[in-house]
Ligand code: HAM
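So this first bit is one chain, no partners, the form predicted alone, shown in structure tokens.
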């Protein structure tokens, strides 16, 4: 029986095939994300994978329904598997924002679902690092979020030779649109055209722009000039002060197609242009107010970074670490009369935080040692009884074969000494 199209199985290393997904690499990525977020003072949150359909249509419109796993549940409610995390965050923040000091800095690593065509870098499910700041309108918050994105990628070994943050502004495009007599009723269509400039044929873009009263040459001239607005200049100055300025460039090709972005927006791309966007985000100051029906008004901004493109990028750049099974010790049980004493030692070592395994059933000595090698054990430990009846342990370094004999009570200290 096969898994559903667009979904993944994650195997422990070594994975069975070259294209199989690694649970160990996923954990490596998650650990880097969460550790970096915590260094920046972000706190972890989560929400349910199933939400009311209205939560997503309120944010993105009825057209998003075609991209969702949605259904009517047994209680007659219209529900959907979450395609993104930000609406859930907005709902949670609106419900209890008074309980938290501002600004709120939260992160999550949810699994998200979209029923759409599979392609390179995009599946029907993925995990995503979401980081958001709520309750702060100063541009320092935008810079803080972009710095977190940069350091989350650097934590995985990527450098400025691997990725760039392309920084833009919805406000800059709104000014461009208004100054050239754009009709407000056509604004969303205009932004959609800009968002697809790099993916559509110039002739198609030109025709669409002309229908709205704009020329492709004027749009390209604005993008080529790349003059930072005052808000973008403040963000760039903040990042430069951290020594992160080389990771960011102003690029008005980035506009972010989602209708709720209200200010600075950004996307992370690999420098060689071989992959889809690694991450994207920006300011969405109106979303909490929308989700709360006008009851709560909080400025907000955030980004999302999926695991699919990132894992592919790490493997292509040979930055995925060597992920192998490892144990601090494997307890050999060659004398079954000492199994209970061996289990007692195993439990004490595990209680102390060490990774320890042992043979579940009686087995020959060579088979047990082979199992220790397979599991990447640093040492083997074998409980013995001396001539006077005392319990001793024979501790062997698997790599050097150096061996020590010590009282069982001293095994933990010996293993901790390395």
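None of the values given here were measured: they were computed from a predicted structure. Numbering follows the first chain given and starts at 1.
Omitted from view is the form predicted in complex with ligand HAM, to which the following refers.
**Student:** Look up in the model of the complex whether residue 102 has a non-hydrogen atom within 4.5 angstroms of ligand HAM, and give yes or no.
**Tutor:** So residue 102 does not count as contacting ligand HAM.
**Student:** Hey, in the model of the complex, is residue 289 touching ligand HAM, heavy atoms inside 4.5 Å?
**Tutor:** Residue 289: no, not in contact with ligand HAM in the model of the complex.
**Student:** I'd like to know whether residue 262 contacts ligand HAM in the model of the complex, with contact meaning heavy atoms within 4.5 angstroms.
**Tutor:** Residue 262: no, not in contact with ligand HAM in the model of the complex.
**Student:** Is residue 138 close enough to ligand HAM in the model of the complex to count, meaning some heavy atom within 4.5 Å?
**Tutor:** Residue 138: no, not in contact with ligand HAM in the model of the complex.
**Student:** Taking 4.5 angstroms as the heavy atom distance cut-off, pick the stretch from 337 to 345, 273 to 281, 239 to 247, 212 to 220 that is near ligand HAM in the model of the complex.
**Tutor:** Looking at the other structure, the answer is 273 to 281.
**Student:** Quick one: from 252, 330, 303, 190, grab the residue that has a heavy atom within 4.5 Å of ligand HAM in the model of the complex.
**Tutor:** Of the listed residues, the single hit is 303.
**Student:** Go through 109, 197, 123, 206 and name the one with a heavy atom inside 4.5 Å of ligand HAM in the model of the complex.
**Tutor:** Contact check passes for 123.
**Student:** Could you run down 312 to 332 and flag each residue that has a heavy atom within 4.5 Å of ligand HAM in the model of the complex?
**Tutor:** Counting only heavy atoms within 4.5 Å of ligand HAM in the model of the complex, no residue of 312 to 332 makes contact.
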